[in-house]
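Only one chain is shown below, in C-alpha cells, and it's the form predicted alone.
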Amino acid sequence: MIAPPDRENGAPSPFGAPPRHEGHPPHLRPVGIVSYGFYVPRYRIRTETIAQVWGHDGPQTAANLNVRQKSVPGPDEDVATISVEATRQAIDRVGFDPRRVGAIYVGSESHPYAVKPTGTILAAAIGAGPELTAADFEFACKAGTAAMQTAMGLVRSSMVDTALVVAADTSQGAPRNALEYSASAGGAAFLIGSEDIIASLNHTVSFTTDTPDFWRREGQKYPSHGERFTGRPAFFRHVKACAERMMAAMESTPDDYQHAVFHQPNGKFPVNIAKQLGFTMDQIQTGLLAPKIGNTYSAAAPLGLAAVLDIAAPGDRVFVTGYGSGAGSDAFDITVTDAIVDYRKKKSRTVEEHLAKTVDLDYSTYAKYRGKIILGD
C-alpha cells in the first residue's frame, strides 16, 4: 500500500497556489459574497432552566459551556423553512432575480428528509428556474462551509454566474445529555457571484481526517459523541491546523485581520482556539454568537460571518474557520469591499437586531416543540 501524502507536515495544498488577496489570476473570475441573509428562531430556553430540570451536574455543565441560552425551532420550523427565510432576505435586499441562480447548495445535518433534497424545496419556494444544479451537503457542522467552497469553484471557473449557499440546522440533543445545553437552530444564506461583490472570497483551504468524535447513525434520533475526545484531537487539532495552513498560504498573521470567526460548538472553544492562534477577543467578539443562541451547527460560523458583515468597514479582512465532526475544517480569507457602503443603504435588519426579539420557553414547552415528549393515541 502506498501511504497518502502527509499534508499536515508541509505538503502543498490540494487547492493549489492561492490568489493574492489584492487580485486574481487573469484566467479566473473574482468571486465573493453579493448578498447575505439569516434567520434564527425567536424561541429561547435558558441553560439554567434545563439545569434546574436535571439537577446534579446540570448547572456545572451549563457553566462550562459558556452558553446562557439557546434558540429553539418552533413546531412548524425546520431546515427548509429556515433556509427559505434566510434566502428571501438575501435576494430581496438586492432585488436579485432568483431565476439567475445557477446552483443551490444547502448544508445541514438535520435535513427534514433522509431522501428528498432540501435544495429543490428552496428553489421552488424562491421561484428559481429549473436550469440549475442543486444538492444537499452533509459533513456535520461544516456542511455549509463545504458548500461555499463548491460555489466558489463554480463561480470562479465561470461554470455558473451566481450560486446560492445556505447553512442551516435544527440540531438535536438527548435529554440530560451535555448537547441539550447547546444544540440550537438557525441559518444563513449567501449569494456567491463575481459582480457587485461586498466581500471578496480570496482563498480557502481545508484540513480533514477520519476522527469519529461525533456521529448519528441512520434512524437514530439523537447523536452520540466522544465527550472530552471531541476537544483536543478533534476540534482543536483540525481548526488550528487549517487556520495555520491558511495563514501560511496567504503569508498573513492574526494582526492582518480585523475580524475572525471560528466554529462555535459552545462559548468556550472558539475563545480558546482564537487565543492559541494569536487572535484577540476584540477580533472575535462580533461573530461570537454561541453564548446568546447556542450551537447552530452548520450555521455557526456562517451566522458569525453575517454578524461581522453587518459592521465591517471597506478594506477589513475577515478570517473564518469552520469545523465539522468526523472530522474536518475549512478556512476562508475574506476582504470587505467598498460596495458594502451602498449595500448597507438597502436597509435590512442586522443579526444583532434579529436576535434581540426573543420568547422564553419553559422546559415542558421546549420538550414538546422538540419532540422529546411522545403523546399517546
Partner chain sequence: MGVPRFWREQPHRYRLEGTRCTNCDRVYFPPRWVCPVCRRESVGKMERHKMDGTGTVVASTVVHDPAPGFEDQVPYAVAIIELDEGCRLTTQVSDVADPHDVVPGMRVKSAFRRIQSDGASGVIYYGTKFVPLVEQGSTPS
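Positions refer to the first chain, counted from 1. Note that the coordinates shown come from a computational prediction; the quantities given were computed from them, not determined experimentally.
One more form of this protein should be noted, the form predicted in complex with its partner chain, which is absent from this view; the next part is about it.
- Heavy atoms of residue 97 never reach within 4.5 Å of its partner chain in the predicted bound form, leaving it off the interface.
- In the predicted bound form, its partner chain stays beyond 4.5 Å of every heavy atom belonging to residue 266.
- In the predicted bound form, residue 236 stays away from its partner chain, with no heavy atom inside 4.5 Å.
- Taking non-hydrogen atoms only, residue 43 approaches its partner chain to within 4.5 angstroms in the predicted bound form.
- Just one listed stretch, out of 149-157, 246-254, 171-179, 71-79, contacts its partner chain in the predicted bound form at the 4.5 Å heavy atom level, and that stretch is 71-79.
- For the residues 121, 284, 132, 273, the 4.5 Å heavy atom test against its partner chain in the predicted bound form is passed only by 121.
- Taking a 4.5 Å heavy atom cutoff to its partner chain in the predicted bound form, the contacting residues in 335-360 are 344, 347, 348, 349, 350, 353, 357, 359.
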